[in-house]
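Single chain ahead, written as structure tokens, the form predicted on its own.
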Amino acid sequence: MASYTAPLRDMRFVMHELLDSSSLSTLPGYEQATPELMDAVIEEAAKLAQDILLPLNLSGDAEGCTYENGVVRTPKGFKDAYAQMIAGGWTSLACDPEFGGQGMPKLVSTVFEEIVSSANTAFGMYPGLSHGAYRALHAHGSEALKKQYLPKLVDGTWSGTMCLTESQCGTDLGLIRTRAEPDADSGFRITGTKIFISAGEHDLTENILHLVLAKLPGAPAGTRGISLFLVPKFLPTAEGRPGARNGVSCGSIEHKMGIKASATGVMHFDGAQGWLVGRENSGMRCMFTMMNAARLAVGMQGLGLAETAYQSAAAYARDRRQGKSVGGKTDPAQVADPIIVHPDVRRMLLESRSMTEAGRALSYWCGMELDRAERHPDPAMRQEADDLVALLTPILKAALTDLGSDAANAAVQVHGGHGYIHEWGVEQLVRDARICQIYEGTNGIQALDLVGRKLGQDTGRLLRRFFHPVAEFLAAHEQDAALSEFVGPTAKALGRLQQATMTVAARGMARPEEAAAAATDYLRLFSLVAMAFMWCRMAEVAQRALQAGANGEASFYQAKIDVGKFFMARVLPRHSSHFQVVMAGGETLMLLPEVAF
């Protein structure tokens, strides 16, 4: 089985020492959110993950979900685990107290998402989708809908889905055929079929609330004519209990490469009763509330899988004895050395670890900014925070899911032949991680979002939210000899990112295909610079702690600096190749005629 222990010390380092989580208690509604309370929450989350969810990961993958006559059953143990999750209040963690939520900061729920994803990604899909539905309904639903449905989503007794994709359209949602007919008695009648619906049908909750994209009669063509509807599996009674079955059914579940314990269904809506969420023809705007939350959550899945992959590989490398060190056997009493002495094994481990720690810092920063965007009393500060989150969302989704896949593959490589065997658990990580690069918008779509929407929005306003603080930090520490191994390489990479940004913007205005051709490498270049910035800040905090005596934790802080130096020397230089590809332009991509493929 894969190895995982929540890295609580590193999480606390990022939350409290790097980001100063204590500042959250100055925001309205977060007065009680002290670092001590946050620590208590994540410590309990770690117990839930390690004691309950992790032991179900391998068995859940082997058993998968079953489908019979429209009924879907989750693997053995999942129902009990979910009952323990809602009994512990975990589904209400960052929800509005008005509807029964605990009102914890988004930063805390971000950490929780990482912990759950690390232990059991497939299980985490069920509460994760529900929280996305909660966010969309909370932001756009009528007061009546919120009063009726949000308390059930918050306490976890009802779950939620997002129903977008159809067989003829995934990314291009303007092609959807699902229709909504006005009904005098019940609002609307929804008819159509949706595919790839995660948690579309299961046995964990007593009701399932589907948020469905559909088109009204006479609606404008394309995405401008899409509306969003709430369609429950069971129609609620006057007492708020599940009543008559609605016209919703599951036609089948998919047999997937990974996350097999997460039910992915084909959902049929046959004149199902539904209620409009938001205004008519504004469905995409409403759905993006859920979709953007989902993209950040998928990024946390990638991060969680990377952490588990690293821990599993490191544990194996410390234990497995094969060959001897190229510099001579390190332990003469043993027939062989542990493989962790070999430089190439250390390379794989440090690549995974250095990018995982940087990704954690970057994603937690985004979580803090989500809190500021929602709670800060100054509208200008809320806008700044919202801008940074909007910019970072496609970067985090793509970069962290690429990381999850790469780290999982590296874990298999470290394990050698054992890594290819199911019982060791790391080949499952490879399969589970692969979907993260695809759903909620493929990573190529994230790159197009970055260059097509975010790069030029309001003459580069979103970009300035990132470039300015990075440039200010680098200028302030330019002469700091202790940080020279961090600041110098980051400044060079930032300069190239800025040059690439101007090039992509200029070429894209003249020929949109040029920006699209550069998009993936531009996003990867951006992500490396963002991670480098996080390493600069983490190194500064670690060095300051060492200078102050480290309070008995000198080895922790020194390791932080050492891992950061590895990133700067052996990972960040990859920015040069991405920069060269961006600058090469898109001509060679389009030379080959379609018939030649």
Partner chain sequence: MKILVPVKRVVDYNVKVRVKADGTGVETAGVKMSMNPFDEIAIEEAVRLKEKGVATEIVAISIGVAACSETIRTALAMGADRGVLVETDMAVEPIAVAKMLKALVEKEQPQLVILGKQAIDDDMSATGQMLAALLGWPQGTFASKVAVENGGITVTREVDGGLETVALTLPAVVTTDLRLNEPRYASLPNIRKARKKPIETMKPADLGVDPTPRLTVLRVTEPPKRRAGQKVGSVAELVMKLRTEAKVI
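Residue numbers count along the first chain shown, from 1. None of these values were measured; they are calculated from a predicted model.
Not on display, but discussed next: the form predicted together with its partner chain.
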Heavy atom within 4.5 Å of its partner chain in the model of the complex - residue from Gly508, Gly77, Gly88, Gly460: Gly88
One residue of Gln84, Thr237, Gln499, Gln479 in contact with its partner chain, assessed in the model of the complex (non-hydrogen atom, 4.5 angstroms): Gln84
Leu37 within 4.5 Å of its partner chain in the model of the complex, heavy atoms: yes
4.5 Å heavy atom contact, Glu540 and its partner chain in the model of the complex: no
Residue contact check: Glu553 to its partner chain in the model of the complex, 4.5 Å heavy atom: yes
Non-hydrogen atom contact Gln102 with its partner chain in the model of the complex at 4.5 angstroms: yes
Location of its partner chain contact in the model of the complex, chosen stretch of 524 to 532, 41 to 49, 66 to 74, 568 to 576 [non-hydrogen atom, 4.5 Å]: 41 to 49
Residues of stretch 129 to 156 in contact with its partner chain in the model of the complex (4.5 Å, non-hydrogen atom): none
